[in-house]
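Next up: a single chain in structure tokens, the form predicted alone.
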Amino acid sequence: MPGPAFTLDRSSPVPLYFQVAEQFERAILEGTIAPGERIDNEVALAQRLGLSRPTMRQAIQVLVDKGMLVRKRGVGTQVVHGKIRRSVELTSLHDDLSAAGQKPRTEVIAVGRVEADEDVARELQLTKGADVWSLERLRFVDRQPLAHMHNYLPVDVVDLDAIDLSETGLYAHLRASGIVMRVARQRIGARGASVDEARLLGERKGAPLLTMQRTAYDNAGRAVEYGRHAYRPDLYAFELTLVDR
């Protein structure tokens, strides 16, 4: 394929390889280059852009390292199936998918009041055995199961029986209820899929999953939500920007 049009600023302090990689990434995320599509080889791209082959190779390697391109012997360089990349911010998966132009679908597996176990009670600053809302959902994107989500909330925060959480996001409803979440403590990890997770996410038992645990606090410092989520790593990634201070 000829590839997208690039605009290179040779007077910029931003390295040329990074400018190329950044514009390639934007084209992939916007769908200008489709998943599975092949791109021109390094020699052809370098000639078209007036760059050296090492510069072009470095640009492509940036995208290979990000998992957006893959090199296949005898085939060439191809765009990997699109992966959801989520910045680590105090937002919900539903909001992030919608903002990215995706059409998330939610299946509510179970919702109701349960007694808080030791872990949930500690995170929500409650006594063990206190009543809490338990919300279990499966989030889909492009008809594929993406995430298995389990959230817990104090019963005095919101009435989950009063809303249809297959049609609206949890955080969107909390905001509409006047709850302002200011800060969250979040842990990202990985582990093998349980039998239930494998069945729900269409994976095999023990397959690697990305995990996230988050406790969110409102502007008064009250713990209002605790979530334990698992994601398919072939469709999802967390993205962070690191700054040297």
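Throughout, rigid core stands for the largest set of C-alpha atoms superposing within 1.5 Å between the two forms. From 1 onward, residues are counted along the sequence shown. Quantities reported herein were computed from a predicted structural model and do not represent experimental measurements.
Another form exists, predicted in complex with the DNA; not displayed. Remarks below refer to it.
Residues with any non-hydrogen atom within 4.5 angstroms of the DNA in the predicted complex fall in just one of 191-199, 51-59, 28-36, 209-217: 51-59. Proximity of Gly129 to the DNA in the predicted complex falls outside the 4.5 Å heavy atom cutoff. Within this chain, Tyr236 is remote from the site of the DNA in the predicted complex, having no heavy atom within 4.5 Å. By the criterion of a heavy atom within 4.5 Å, Phe24 is excluded from the residues contacting the DNA in the predicted complex. The DNA in the predicted complex is not approached by Gly112, whose heavy atoms all lie more than 4.5 angstroms from it. Remark: all three candidate residues (Tyr17, Val43 and Arg71) come within 4.5 Å of the DNA in the predicted complex, counting heavy atoms only. This chain lacks the partner; the member of Thr77, Thr168, Gln125, Ser134 within 4.5 angstroms of the DNA in the predicted complex by a non-hydrogen atom is Thr77. Gly189 is not among the residues whose C-alpha shifts by 2 Å or more between the shown form and the other one once the rigid core is aligned; its shift stays under 2 Å. The Cα position of Leu16 differs by 2 Å or more between the shown form and the other one after fitting on the rigid core. Once the cores line up, the CA of Lys128 ends up less than 2 angstroms apart between the shown form and the other one.
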